[in-house]
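Heads up, the chain below is alone and in the form predicted alone; it's given as structure tokens.
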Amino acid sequence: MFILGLLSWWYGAGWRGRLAALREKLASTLDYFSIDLLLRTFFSPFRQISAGRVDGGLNVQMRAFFDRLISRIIGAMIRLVMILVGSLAIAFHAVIGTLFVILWGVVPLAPIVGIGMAISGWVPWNL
């Protein structure tokens, strides 16, 4: 009766808990990297406080234009790197988490396999 209850928890609530933990980890990683925000602000100036309109002569306006342009290019490059790193981190967590969820279902079979190997006489150091 104890083993039946353990297995029903393992393949019921335990498996749902593993899936919920994986979902929470992926949501946490998505929130940490904020890829949606990085995409929405991809061409925004990078840490430039005075990115507004500039009054003055043509040389002052051209200098402000190129300052904003360079700031936007730097911002786009940094955001692109962060999007790539975040995508890799999300993919890594998804693959490893999926492997853990799959292994969760196989772990209860390990004692049965071990007993079968012991009965057959298999020893790990006699390959």
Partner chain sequence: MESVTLNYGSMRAVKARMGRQLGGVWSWLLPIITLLLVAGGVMLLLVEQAVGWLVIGMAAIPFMFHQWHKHELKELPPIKSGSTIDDLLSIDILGRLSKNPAPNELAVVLGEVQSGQFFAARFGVGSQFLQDIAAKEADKTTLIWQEALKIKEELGLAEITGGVLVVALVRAFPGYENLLAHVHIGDDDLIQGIKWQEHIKFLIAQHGKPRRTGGIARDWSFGYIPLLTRFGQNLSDQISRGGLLSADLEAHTQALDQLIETFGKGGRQNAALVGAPGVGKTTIVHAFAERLLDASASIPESLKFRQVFILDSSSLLAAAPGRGELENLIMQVLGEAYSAKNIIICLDNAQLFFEEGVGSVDLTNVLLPILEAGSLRVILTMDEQRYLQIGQRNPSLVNALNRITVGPATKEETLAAMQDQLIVTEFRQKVTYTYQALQEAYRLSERYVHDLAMPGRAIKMMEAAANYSESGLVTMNSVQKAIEQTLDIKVGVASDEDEREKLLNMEELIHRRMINQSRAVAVVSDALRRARAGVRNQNRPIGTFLFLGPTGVGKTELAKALADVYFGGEDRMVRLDLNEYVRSEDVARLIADGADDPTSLTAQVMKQPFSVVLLDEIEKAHPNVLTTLLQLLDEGILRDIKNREVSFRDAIVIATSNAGAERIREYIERGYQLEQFEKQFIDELISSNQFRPEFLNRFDEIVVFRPLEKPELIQVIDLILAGINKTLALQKISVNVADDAKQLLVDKGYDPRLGARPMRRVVQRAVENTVAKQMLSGAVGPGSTIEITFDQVQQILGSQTEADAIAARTNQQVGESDEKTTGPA
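Take the two forms, superpose them, and find the largest set of C-alpha atoms that agree within 1.5 Å; that set is the rigid core. Numbering follows the first chain given and starts at 1. Everything numeric in this text was worked out from a predicted model, so none of it was measured.
Heads up, the form predicted in complex with its partner chain isn't pictured, but that's what we're talking about next.
Only one of the listed residues (S87, Q61, T98, S28) places a non-hydrogen atom within 4.5 angstroms of its partner chain in the model of the complex, and that residue is S28. In the model of the complex, its partner chain lies within 4.5 Å of some heavy atom of R79. A residue is said to contact a partner when one of its heavy atoms sits within 4.5 Å of a partner heavy atom; F46 meets this definition for its partner chain in the model of the complex. In the model of the complex, its partner chain sits beyond 4.5 Å of every heavy atom of L19. The closest heavy atom approach of F65 to its partner chain in the model of the complex falls outside 4.5 Å.
The partner is not shown here, but in the model of the complex the stretch 13-43 reaches within 4.5 angstroms of its partner chain through a heavy atom at R18, E24, A27, S28, D31, Y32, F33, S34, L37, L38, R40, T41.
The rigid-core alignment places the CA of A21 less than 2 Å apart between this form and the one not shown. Core-superposed comparison between this form and the one not shown: the Cα of L109 travels less than 2 Å.
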